[in-house]
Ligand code: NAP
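Okay, so here's just one chain, in C-alpha coordinates, the form predicted on its own.
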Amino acid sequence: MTGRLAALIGSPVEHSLSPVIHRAAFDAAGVDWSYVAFDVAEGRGADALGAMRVLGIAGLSVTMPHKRDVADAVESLEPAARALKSVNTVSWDGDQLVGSSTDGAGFIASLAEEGIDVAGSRVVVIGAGGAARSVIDALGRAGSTDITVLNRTRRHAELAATLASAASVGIPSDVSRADIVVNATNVGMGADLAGATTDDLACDPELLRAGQVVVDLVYHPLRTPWLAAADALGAHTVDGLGMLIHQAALQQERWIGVRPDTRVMRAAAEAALADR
(Lines give C-alpha, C1' and ligand atoms only; values in the text may rest on other atoms or scores of the structure.)
Protein backbone atom coordinates (compact mmCIF):
# COMPACT_ATOMS: atom_id res chain seq x y z
CA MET A 1 0.00 0.00 0.00
CA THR A 2 1.86 3.09 -1.18
CA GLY A 3 1.18 6.69 -1.94
CA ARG A 4 -2.42 6.91 -0.80
CA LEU A 5 -4.14 10.18 0.10
CA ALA A 6 -6.90 10.88 2.62
CA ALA A 7 -8.39 14.31 3.17
CA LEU A 8 -10.69 16.44 5.28
CA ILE A 9 -13.36 18.67 3.79
CA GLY A 10 -15.15 21.38 5.73
CA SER A 11 -15.28 25.11 6.31
CA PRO A 12 -13.45 26.35 8.25
CA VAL A 13 -10.74 23.70 8.63
CA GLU A 14 -7.60 25.64 9.56
CA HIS A 15 -7.85 24.78 13.29
CA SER A 16 -8.86 21.15 12.83
CA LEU A 17 -6.83 18.54 14.71
CA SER A 18 -7.65 15.89 12.11
CA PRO A 19 -4.46 16.31 10.03
CA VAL A 20 -2.26 16.02 13.13
CA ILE A 21 -4.13 12.98 14.43
CA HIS A 22 -4.31 11.09 11.16
CA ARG A 23 -0.73 11.76 10.11
CA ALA A 24 0.54 10.51 13.47
CA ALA A 25 -1.50 7.33 13.12
CA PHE A 26 -0.37 6.70 9.55
CA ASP A 27 3.26 7.16 10.59
CA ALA A 28 2.86 4.81 13.55
CA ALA A 29 1.23 2.17 11.32
CA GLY A 30 4.08 2.42 8.82
CA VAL A 31 1.80 2.97 5.83
CA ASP A 32 2.54 5.36 2.98
CA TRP A 33 -0.54 7.51 3.42
CA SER A 34 -0.76 11.27 3.67
CA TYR A 35 -3.57 13.50 4.90
CA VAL A 36 -4.53 17.04 3.88
CA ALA A 37 -7.35 19.46 4.69
CA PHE A 38 -9.40 21.27 2.05
CA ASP A 39 -11.55 24.27 2.87
CA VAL A 40 -14.65 23.58 0.78
CA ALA A 41 -17.37 26.22 0.63
CA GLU A 42 -20.85 25.44 1.89
CA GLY A 43 -22.96 23.75 -0.78
CA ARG A 44 -19.96 22.18 -2.55
CA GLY A 45 -19.79 18.89 -0.64
CA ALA A 46 -21.09 16.84 -3.56
CA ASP A 47 -18.51 18.51 -5.81
CA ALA A 48 -15.80 17.40 -3.38
CA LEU A 49 -16.99 13.82 -3.78
CA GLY A 50 -16.65 14.23 -7.53
CA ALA A 51 -13.07 15.35 -7.00
CA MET A 52 -12.51 12.34 -4.75
CA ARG A 53 -13.52 10.09 -7.62
CA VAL A 54 -11.48 11.91 -10.25
CA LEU A 55 -8.32 12.27 -8.14
CA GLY A 56 -8.47 8.82 -6.57
CA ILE A 57 -8.55 10.09 -2.99
CA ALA A 58 -8.65 6.95 -0.85
CA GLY A 59 -10.57 8.25 2.16
CA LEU A 60 -12.44 11.36 3.20
CA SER A 61 -13.24 12.94 6.56
CA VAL A 62 -16.23 15.26 6.48
CA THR A 63 -17.01 18.06 8.90
CA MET A 64 -19.45 20.96 8.93
CA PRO A 65 -21.15 22.18 6.83
CA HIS A 66 -21.05 19.15 4.49
CA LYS A 67 -22.24 16.17 6.51
CA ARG A 68 -25.82 16.21 5.19
CA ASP A 69 -24.89 16.98 1.57
CA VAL A 70 -22.36 14.14 1.51
CA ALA A 71 -24.94 11.76 2.96
CA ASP A 72 -27.16 12.58 -0.01
CA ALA A 73 -24.32 12.12 -2.55
CA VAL A 74 -22.68 8.77 -1.68
CA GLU A 75 -23.84 5.47 -3.21
CA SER A 76 -24.60 3.79 0.13
CA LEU A 77 -24.87 4.60 3.83
CA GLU A 78 -23.98 2.59 6.89
CA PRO A 79 -26.82 2.30 9.47
CA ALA A 80 -25.82 5.13 11.80
CA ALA A 81 -25.23 7.52 8.90
CA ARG A 82 -28.62 6.58 7.44
CA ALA A 83 -30.41 7.21 10.74
CA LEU A 84 -28.63 10.52 11.33
CA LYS A 85 -28.73 11.62 7.67
CA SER A 86 -25.14 12.66 8.32
CA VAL A 87 -21.75 11.43 7.11
CA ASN A 88 -18.34 12.16 8.62
CA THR A 89 -16.42 9.41 6.76
CA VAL A 90 -16.32 8.32 3.12
CA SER A 91 -14.59 5.13 2.04
CA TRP A 92 -14.51 2.93 -1.03
CA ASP A 93 -16.30 -0.39 -1.59
CA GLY A 94 -15.08 -1.39 -5.04
CA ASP A 95 -16.03 1.58 -7.20
CA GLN A 96 -18.79 2.73 -4.83
CA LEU A 97 -18.52 5.44 -2.19
CA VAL A 98 -19.81 4.46 1.26
CA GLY A 99 -20.82 7.04 3.86
CA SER A 100 -20.36 6.36 7.56
CA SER A 101 -20.84 8.23 10.81
CA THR A 102 -18.13 7.22 13.28
CA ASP A 103 -18.79 9.96 15.85
CA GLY A 104 -21.23 7.99 17.99
CA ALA A 105 -19.22 4.78 17.87
CA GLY A 106 -16.15 6.83 18.71
CA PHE A 107 -17.97 8.16 21.78
CA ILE A 108 -18.83 4.64 22.95
CA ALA A 109 -15.23 3.51 22.33
CA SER A 110 -13.87 6.45 24.33
CA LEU A 111 -15.97 5.39 27.33
CA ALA A 112 -14.98 1.74 26.93
CA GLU A 113 -11.34 2.85 27.08
CA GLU A 114 -12.16 4.29 30.51
CA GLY A 115 -13.79 1.02 31.59
CA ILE A 116 -17.31 2.40 31.22
CA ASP A 117 -20.04 0.18 29.72
CA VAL A 118 -23.18 2.06 28.68
CA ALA A 119 -25.35 -1.07 28.37
CA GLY A 120 -28.23 -0.84 30.83
CA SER A 121 -27.18 2.63 31.95
CA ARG A 122 -29.23 5.76 32.58
CA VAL A 123 -27.78 8.63 30.57
CA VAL A 124 -28.58 12.33 30.36
CA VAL A 125 -27.45 14.05 27.17
CA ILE A 126 -27.30 17.85 27.28
CA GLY A 127 -27.84 19.27 23.81
CA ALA A 128 -29.68 18.30 20.64
CA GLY A 129 -27.29 19.30 17.84
CA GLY A 130 -25.17 17.10 15.61
CA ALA A 131 -22.87 15.79 18.35
CA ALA A 132 -25.76 15.09 20.69
CA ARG A 133 -27.67 13.26 17.99
CA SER A 134 -24.68 11.02 17.26
CA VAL A 135 -24.35 10.22 20.95
CA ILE A 136 -28.05 9.46 21.39
CA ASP A 137 -28.09 7.14 18.36
CA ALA A 138 -24.96 5.35 19.56
CA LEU A 139 -26.25 4.96 23.12
CA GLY A 140 -29.40 3.33 21.79
CA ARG A 141 -27.38 0.92 19.64
CA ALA A 142 -25.09 0.11 22.57
CA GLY A 143 -27.95 -0.85 24.91
CA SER A 144 -28.52 2.15 27.14
CA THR A 145 -31.98 1.63 28.62
CA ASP A 146 -32.81 5.20 29.69
CA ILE A 147 -31.66 8.21 27.67
CA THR A 148 -32.86 11.65 28.68
CA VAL A 149 -32.36 14.62 26.35
CA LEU A 150 -32.10 18.14 27.75
CA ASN A 151 -32.12 21.17 25.47
CA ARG A 152 -33.22 24.79 25.69
CA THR A 153 -35.47 24.30 22.63
CA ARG A 154 -37.86 21.49 23.45
CA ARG A 155 -38.72 20.78 19.80
CA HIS A 156 -35.07 20.08 19.01
CA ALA A 157 -34.88 17.77 22.03
CA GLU A 158 -37.98 15.90 20.86
CA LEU A 159 -36.50 15.37 17.39
CA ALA A 160 -33.20 14.13 18.83
CA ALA A 161 -35.02 11.74 21.14
CA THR A 162 -36.60 9.96 18.16
CA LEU A 163 -33.18 8.47 17.36
CA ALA A 164 -33.39 5.88 20.14
CA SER A 165 -36.38 3.99 21.52
CA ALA A 166 -35.04 4.47 25.05
CA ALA A 167 -34.79 8.25 24.67
CA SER A 168 -37.18 10.90 25.94
CA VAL A 169 -37.15 14.60 26.76
CA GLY A 170 -36.44 15.41 30.39
CA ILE A 171 -35.96 18.20 32.91
CA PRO A 172 -32.75 19.39 34.64
CA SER A 173 -33.40 17.43 37.85
CA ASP A 174 -33.03 14.22 35.81
CA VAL A 175 -29.27 14.86 35.86
CA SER A 176 -29.11 13.79 39.52
CA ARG A 177 -30.43 10.27 38.90
CA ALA A 178 -28.30 9.53 35.84
CA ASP A 179 -25.37 7.13 35.80
CA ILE A 180 -23.73 9.10 32.97
CA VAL A 181 -24.12 12.80 32.11
CA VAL A 182 -22.86 14.07 28.76
CA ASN A 183 -22.37 17.68 27.71
CA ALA A 184 -22.84 17.59 23.93
CA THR A 185 -22.99 21.38 23.53
CA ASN A 186 -20.14 23.85 23.03
CA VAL A 187 -20.69 25.43 26.46
CA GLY A 188 -17.29 25.78 28.11
CA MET A 189 -15.30 25.86 24.88
CA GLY A 190 -12.30 28.13 25.30
CA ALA A 191 -13.20 28.89 28.92
CA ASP A 192 -10.57 29.80 31.48
CA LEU A 193 -10.88 27.95 34.78
CA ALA A 194 -9.79 30.99 36.76
CA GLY A 195 -12.39 33.27 35.20
CA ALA A 196 -15.21 30.80 34.63
CA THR A 197 -18.81 31.88 35.16
CA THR A 198 -22.10 30.02 35.21
CA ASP A 199 -22.30 30.63 31.46
CA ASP A 200 -19.33 28.26 31.09
CA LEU A 201 -21.13 25.36 32.81
CA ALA A 202 -23.27 22.85 30.92
CA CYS A 203 -25.59 22.48 33.92
CA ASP A 204 -25.69 23.43 37.58
CA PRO A 205 -22.91 21.39 39.26
CA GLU A 206 -25.16 20.92 42.28
CA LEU A 207 -27.15 18.48 40.15
CA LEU A 208 -24.09 16.24 39.80
CA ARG A 209 -22.91 13.76 42.42
CA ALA A 210 -20.02 11.57 43.44
CA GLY A 211 -19.73 8.31 41.50
CA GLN A 212 -21.38 9.61 38.34
CA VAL A 213 -19.61 9.49 35.01
CA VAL A 214 -19.48 13.06 33.68
CA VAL A 215 -18.42 13.49 30.05
CA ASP A 216 -17.71 16.78 28.29
CA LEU A 217 -17.36 16.59 24.51
CA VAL A 218 -15.55 19.94 24.55
CA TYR A 219 -11.78 19.31 24.30
CA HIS A 220 -10.39 22.85 24.28
CA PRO A 221 -9.68 23.19 27.12
CA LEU A 222 -9.36 19.52 28.04
CA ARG A 223 -10.41 20.28 31.62
CA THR A 224 -13.43 22.52 31.29
CA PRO A 225 -14.88 24.39 34.28
CA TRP A 226 -17.77 21.90 34.30
CA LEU A 227 -15.42 18.91 34.49
CA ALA A 228 -13.42 20.64 37.21
CA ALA A 229 -16.62 21.08 39.24
CA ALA A 230 -17.54 17.42 38.69
CA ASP A 231 -14.03 16.35 39.75
CA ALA A 232 -14.43 18.28 42.98
CA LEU A 233 -17.62 16.34 43.72
CA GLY A 234 -15.93 12.97 43.21
CA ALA A 235 -17.36 12.15 39.78
CA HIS A 236 -15.48 10.10 37.17
CA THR A 237 -14.78 12.68 34.48
CA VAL A 238 -14.02 12.05 30.79
CA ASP A 239 -12.81 14.78 28.44
CA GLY A 240 -13.90 15.26 24.85
CA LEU A 241 -10.62 14.36 23.17
CA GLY A 242 -11.36 10.65 23.49
CA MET A 243 -14.36 10.84 21.18
CA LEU A 244 -12.38 12.81 18.61
CA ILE A 245 -9.53 10.29 18.68
CA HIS A 246 -11.69 7.20 18.50
CA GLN A 247 -13.93 8.46 15.70
CA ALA A 248 -10.74 9.15 13.70
CA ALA A 249 -9.41 5.68 14.54
CA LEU A 250 -12.63 4.16 13.18
CA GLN A 251 -12.18 6.20 10.01
CA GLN A 252 -8.70 4.83 9.49
CA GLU A 253 -9.88 1.30 10.12
CA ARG A 254 -12.28 1.69 7.21
CA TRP A 255 -9.54 3.09 4.98
CA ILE A 256 -6.56 0.84 5.71
CA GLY A 257 -8.22 -2.16 7.35
CA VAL A 258 -6.33 -1.83 10.64
CA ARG A 259 -7.31 -0.02 13.85
CA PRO A 260 -4.54 2.52 14.58
CA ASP A 261 -2.81 3.14 17.89
CA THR A 262 -5.05 5.61 19.70
CA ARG A 263 -2.33 6.41 22.25
CA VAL A 264 -0.15 7.83 19.47
CA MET A 265 -3.10 9.80 18.13
CA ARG A 266 -3.93 11.28 21.53
CA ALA A 267 -0.33 12.25 22.21
CA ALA A 268 -0.21 14.10 18.88
CA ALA A 269 -3.50 15.88 19.61
CA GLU A 270 -2.44 16.91 23.12
CA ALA A 271 0.82 18.31 21.79
CA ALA A 272 -1.05 20.33 19.16
CA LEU A 273 -3.51 21.66 21.76
CA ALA A 274 -0.64 22.67 24.04
CA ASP A 275 0.68 24.93 21.29
CA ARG A 276 -2.61 26.83 20.96
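Please read these numbers as outputs of a predicted model, since none were measured by experiment. So that there is no doubt, residue numbering starts at 1 and follows the sequence shown.
Keep in mind that the form predicted together with this ligand is missing from the display, and what follows is about it.
> With the cut-off set at 4.5 Å between non-hydrogen atoms, does residue 127 touch this ligand in the predicted complex?
Although this ligand is absent here, residue 127 would touch it in the predicted complex, with heavy atoms inside 4.5 Å.
> Could you confirm whether residue 185 comes within 4.5 Å of this ligand in the predicted complex, counting heavy atoms only?
Yes, residue 185 is a contact residue.
> In the predicted complex, does residue 60 have a heavy atom within 4.5 Å of this ligand?
Result no; residue 60 lies far from this ligand in the predicted complex.
> Using 4.5 Å between non-hydrogen atoms, is residue 156 touching this ligand in the predicted complex?
Heavy-atom contact with this ligand at 4.5 Å: present for residue 156.
> Out of 144, 151, 148, 100, which one falls within 4.5 Å of this ligand in the predicted complex, going by heavy atoms?
Selected residue: 151.
> So which of 189, 166, 196, 203 reaches within 4.5 angstroms of this ligand in the predicted complex, heavy atom to heavy atom?
Of 189, 166, 196, 203, the residue with a heavy atom within 4.5 Å of this ligand in the predicted complex is 189.
> Spot the stretch among 24-32, 39-47, 206-214, 240-248 with residues whose non-hydrogen atoms come within 4.5 Å of this ligand in the predicted complex.
Of the stretches listed, the one contacting the partner is 240-248.
> Relative to this ligand in the predicted complex, which residues of 209-228 have a heavy atom no more than 4.5 Å away?
Residues within 4.5 Å: 217, 218, 219.
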